[in-house]
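Below you'll find only one chain, the form predicted on its own, shown as structure tokens.
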């Protein structure tokens, strides 16, 4: 592939910006130092976060590719930018929970830390204004967000990701508590899109159960980027 040039800004989310590239099939994803919680109510800029998440995501995406999960990730372009395939995104988040934390505890009155066996799978409609409400297969089909085949494929791929990453984190002395994934279509193929970073998953230390993820920002625990870097170091990310 020839060198790609950055084009106009497509959109700017809570922590990333997406730009056109000189290749119409690809976008340039820029990871900013911004972080937010509670649908953007709480915001802050944390030095080094963009660089950490960009490299973290590249590492995870390449591992998933080796395990047979096709992703939109193409290559790193710089410390804070990656080249990704241009996807037609499904407006749905796929969430797997291995341990009870966050929203499921509030909804069902569960104690945080309860092991979930088997892991639970949930769909959420990606919409900040509506606070990402939980939905099911029928909503997705009714509103044309994805086909029956895509719904099933998203479930299968999400569980495949869970099997791979739960083992990876466990071998590094950590618990993959939960995570969210997003998918999109590229030339008829459903690919894993967006990102996999500590912004979109919960990770605890296996022995102490110390929180190492974005909950440190949500709960004012401090050392957010340092904890992200701790996860990266344990996984062998340089």
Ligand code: TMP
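Since the model is a prediction, treat every value here as computed from it, not as a measurement. Residue numbers count along the first chain shown, from 1.
Unshown form predicted in complex with thymidine-5'-phosphate; subsequent notes refer to it.
Looking in the model of the complex, any heavy atom of residue 113 within 4.5 Å of thymidine-5'-phosphate?
Result no; residue 113 lies far from thymidine-5'-phosphate in the model of the complex.
Counting only non-hydrogen atoms and a 4.5 angstroms cut-off, does residue 75 reach thymidine-5'-phosphate in the model of the complex?
No.
So in the model of the complex, does any heavy atom of residue 97 sit within 4.5 Å of thymidine-5'-phosphate?
Answer yes; at least one heavy atom of residue 97 falls within 4.5 Å of thymidine-5'-phosphate in the model of the complex.
Is residue 91 part of the interface with thymidine-5'-phosphate in the model of the complex - any heavy atom within 4.5 Å?
Heavy-atom contact with thymidine-5'-phosphate at 4.5 Å: absent for residue 91.
Within 4.5 Å of thymidine-5'-phosphate in the model of the complex, counting heavy atoms only, one of 185-193, 50-58, 26-34, 201-209 shows up; tell me which.
Contact criterion met by 201-209 only.
Considering thymidine-5'-phosphate in the model of the complex, which of 132, 163, 153, 137 comes within 4.5 Å of it through any heavy atom?
Only one listed residue qualifies here, and that residue is 132.
Heavy atom within 4.5 Å of thymidine-5'-phosphate in the model of the complex: which residues of 169-195 meet that condition, in order?
Counting only heavy atoms within 4.5 Å of thymidine-5'-phosphate in the model of the complex, the contacting residues of 169-195 are 178, 179, 180.
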